[in-house]
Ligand code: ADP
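Just one chain follows, in the form predicted on its own, and it is written as structure tokens.
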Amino acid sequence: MDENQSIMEALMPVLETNVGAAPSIFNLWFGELKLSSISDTEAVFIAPTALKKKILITKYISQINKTIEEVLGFAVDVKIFTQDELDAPPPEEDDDDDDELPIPVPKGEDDGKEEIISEFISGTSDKASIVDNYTFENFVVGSSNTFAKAACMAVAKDPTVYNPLFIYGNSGLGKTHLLYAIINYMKHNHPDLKIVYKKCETFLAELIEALQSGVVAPFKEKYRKCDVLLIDDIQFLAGKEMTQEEFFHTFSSLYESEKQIILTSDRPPKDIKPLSDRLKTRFEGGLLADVQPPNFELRIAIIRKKADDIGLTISNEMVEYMAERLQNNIRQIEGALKRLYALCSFTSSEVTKERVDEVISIIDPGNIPTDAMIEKILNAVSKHYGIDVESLKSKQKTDSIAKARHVAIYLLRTMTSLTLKEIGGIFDRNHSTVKSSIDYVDLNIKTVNGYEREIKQLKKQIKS
């Protein structure tokens, strides 16, 4: 691997974070960007087309500059050309103003509006290539997502086998990856299928534009004549009666024509409110597949797989430490690994606990190392109940100390990844005693007026 390629691999994950766009948008504009040369004063990039060069300069130049300074440790003059411009012969006359300048967007020519590619139709390989990296093969499987993956694979192999397929779960757990995997599988194995993928928000925007322009027929034709319709984040239909009406007719038309419908949401249909009963009934009439947060073993597998994909060397100890710290979101795991790769590559250092803490504090400021969280919880409970930490951890059984100890144990269980045995070690008690304390607090939350509010206030104080 040459030096320019190594630098690009270090820049890209940090640049993706700084740009903050959806993966498909980031890959559209930056996926084919290459570093031609770099010095201590100048970085020259090659964009594949004049349009992409224009968008990069007019829309993203500040993020590119910020990323280079952040990763390299110093600022440079960024220039972007197409390959044709670099290959062109030099001008015959000297020109003092030959530096690359941002290209102004003429008024009336869409004001630099970004082109958002979110539609994948058979025969449009450029669009489909955006998500080529999302496949069933590189989707890491564990108990929390096995059923959802199996359902998606079944639909990809035999469209309409489960119709509709409704996948739900919190953000960052891999739902969109599964949609893209379906698209990629169908693209290669069912090339004649007309496939349309949209974010629900884009569907809404297109419908509004069609209604405002008075030209609704092309909109209906587009969505009702496809073979496979995939809508991401369908929960955004909630409360939008006009859009629900149009989507109901689109859904019914496709369903009656035995066309495949695949939907994702951050919640099951019954929890999407307000949603019309007839849509809710249709969403629930197919196969529901939930994606849960990954357990510890799956997080370890994901970290190892993603680290291997980007060439990051990381010890088993640090893999397990990251798995303990990053519990709920696969997207955060990917972001942390990319930033670790960039930091360690440019400092020629190994992945250490300090490095991991540094990276996680950037991408998830509220995520506190376990040791620090234990200390914060004990100090907060001690202060709240007017009991010193040593008394809290002692064998004393006075009512005031016991009640405070119950709360401390409960907070340690709900705010950290510590096991009952590990919590028991802090207080020199066995795991059954710890379980009794947790049950005590749970019961008081349900039965004692104001108790739940007190626990929430303590949690808020600890997180702040």
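Note that the structure is predicted; figures quoted are calculated from it, not measured. For every residue, the number given is its place in the sequence shown, counted from 1.
There is another form of the same protein, the form predicted together with the ligand; it is not shown, and what comes next is about it.
Student: Between the options Tyr185, Tyr134, Phe219, Phe248, which residue brings a heavy atom to within 4.5 Å of the ligand in the predicted bound form?
Tutor: Among Tyr185, Tyr134, Phe219, Phe248, a heavy atom within 4.5 Å of the ligand in the predicted bound form occurs only for Tyr134.
Student: Could you spot which one of Arg224, Arg331, Lys280, Lys199 gets a heavy atom to within 4.5 Å of the ligand in the predicted bound form?
Tutor: For this set of options, the contacting one is Arg331.
Student: I'd like to know whether Phe139 contacts the ligand in the predicted bound form, with contact meaning heavy atoms within 4.5 angstroms.
Tutor: Yes, Phe139 sits close enough to the ligand in the predicted bound form that at least one of its heavy atoms falls within 4.5 Å.
Student: Although the partner isn't part of this model, could you tell me whether Lys393 comes within 4.5 Å of the ligand in the predicted bound form, counting any heavy atom of the residue?
Tutor: Although the ligand is absent here, Lys393 would stay clear of it in the predicted bound form, with no heavy atoms inside 4.5 Å.
Student: Could you confirm whether Gly174 comes within 4.5 Å of the ligand in the predicted bound form, counting heavy atoms only?
Tutor: Yes, Gly174 sits close enough to the ligand in the predicted bound form that at least one of its heavy atoms falls within 4.5 Å.
Student: I'd like to check something about Lys306: if you look in the predicted bound form, is any of its heavy atoms closer than or equal to 4.5 Å to a heavy atom of the ligand?
Tutor: Flag for Lys306 set to yes.
Student: Decide yes or no: are Ser382, Leu412 and Ser437 jointly within 4.5 Å of the ligand in the predicted bound form, with each residue judged by its heavy atoms?
Tutor: No, the candidate spot makes no contact with the ligand.
Student: Partner absent here, but in the predicted bound form, which of 140-148, 78-86, 236-244, 208-216 has residues with a heavy atom within 4.5 Å of the ligand?
Tutor: Result for this chain: 140-148.
Student: Distance change of 3 Å or more between the C-alpha atoms of Ile333 and Glu9 in the predicted bound form: closer or farther compared with this structure?
Tutor: Closer together, which means the C-alphas of Ile333 and Glu9 are at least 3 Å nearer in the predicted bound form.
Student: Compare the CA separation of Ala307 and Pro13 in the predicted bound form with the one in the displayed structure, and answer closer or farther (the difference is at least 3 Å).
Tutor: Farther, not closer.
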